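A single chain, nothing else alongside it, follows as structure tokens in the form predicted on its own.
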């Protein structure tokens, strides 16, 4: 009996068999990226494990264990949990709007005793699960073009509006783009996608002028011309490009990045840690890191492609799209090709909530890998 046969429906699965089916290559790549993040956090704290590197490693260790636990959960449970997870996340977003905790000019958090949670992070998973479950029971023709497309549009649009209102433009964009990717992979007509893209582009000017808050509008304008306000709105972008440029081809060396070590680079441990990495390890280091990310994306898409259920394929591909968009938006922001919108580099940047979200997503991808032969009925989500 082959190892893959151990997960075929109808056979009794033991925990050891499931662990054997986990893609340990993917787990190793995630550990490598998180390890690079810890090394960078150690470097920018003047060769100290505190206050960032030690917490980063502890959180990753806990999240890695969580990912392995979630990988053991069969797809029927994920399928049944899809809509409840979405609803819980949406209710929490409404709670944030009503009595959320404010910090740095934004209301994005809920305080639960000593804990503080950011519901918009949960919605990144919730939207993917809800869309994957919806499309699991939709015919190819309806997924391509029908009135039923209003349902996934609402599933995406409602949380996007609530998150944008917080305001958290970066997360709102990420949720919207992830939703669009899932709809496209589910079979959305290219004509509908083109019309939507044209409409979105046409709506950018009025959105900037009449919807965004003043500081968000200034960020957009400073992105177009950061030199116009080098010590104000253009400061982040200019310092980031200076850090990357000073790194050159091979970098200045580990722990020798002047922009980060001398605190010229803002948010060096979170949004702009990729610029810090580029200053110390140069183009070669950045290319190597992006290769690691590309390998994670390639393996994840491969896992999505081998799933026997439409729900498994779409959920794994949707989580992979979210991960890829994190990287794309952050890298574009750091090199000055996108406005500063507060999207971190996954597993590299310091931050607990984002790491938990990312690793839950990879727990889902691993679950698709382990239970790739599972067939899910549209009605009750029963394994056949």
Partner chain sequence: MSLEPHIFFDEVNERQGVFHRRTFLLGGFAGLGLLALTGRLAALQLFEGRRYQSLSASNQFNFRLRTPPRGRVLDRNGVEIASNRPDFRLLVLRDEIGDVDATLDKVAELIPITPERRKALKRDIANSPRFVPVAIANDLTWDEFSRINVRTPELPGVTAEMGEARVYPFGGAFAHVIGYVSKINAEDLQKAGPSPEPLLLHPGFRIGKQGVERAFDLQLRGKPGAQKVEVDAVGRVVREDPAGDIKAIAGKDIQLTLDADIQNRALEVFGEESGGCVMMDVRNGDILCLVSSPSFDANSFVKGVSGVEYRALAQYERKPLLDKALSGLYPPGSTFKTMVALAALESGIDPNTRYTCSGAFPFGNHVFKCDKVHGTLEMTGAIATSCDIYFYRTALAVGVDKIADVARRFGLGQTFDIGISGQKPGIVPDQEWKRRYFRKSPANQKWFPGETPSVGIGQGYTVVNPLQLCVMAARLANGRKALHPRLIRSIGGVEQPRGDMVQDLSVDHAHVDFVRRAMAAVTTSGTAAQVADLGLGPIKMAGKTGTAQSHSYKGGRGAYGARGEWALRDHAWFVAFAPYDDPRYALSVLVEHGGFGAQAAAPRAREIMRVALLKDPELRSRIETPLPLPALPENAGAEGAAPPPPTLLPGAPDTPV
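Positions refer to the first chain, counted from 1. All figures in this text were calculated on a predicted structure; none of them were measured in a lab.
Here the subject shifts to the form predicted together with its partner chain, a form of this protein not shown in this document.
Taking 297, 91, 197, 77 one by one, only a single residue has any non-hydrogen atom within 4.5 Å of its partner chain in the predicted complex, and it is 297. With the partner removed from view, the residue among 179, 159, 170, 278 that has a non-hydrogen atom within 4.5 Å of its partner chain in the predicted complex turns out to be 278. Heavy atoms within 4.5 Å of its partner chain in the predicted complex are found in one stretch of 304-312, 120-128, 148-156, 208-216, which is 304-312.
Residue contact check for residue 239: one or more of its heavy atoms lie within 4.5 Å of its partner chain in the predicted complex. Residue contact check for residue 272: none of its heavy atoms lie within 4.5 Å of its partner chain in the predicted complex. In the predicted complex, its partner chain lies within 4.5 Å of some heavy atom of residue 262. For residue 249, a non-hydrogen atom is located within 4.5 Å of its partner chain in the predicted complex, even though that partner is not displayed.
Annotated contacts: 45, 57 and 64 are all free of its partner chain in the predicted complex [non-hydrogen atom within 4.5 angstroms].
Scanning 312-348 for heavy atoms within 4.5 Å of its partner chain in the predicted complex gives 313, 314, 317, 327, 328, 331, 332, 335, 336, 337 in sequence order.
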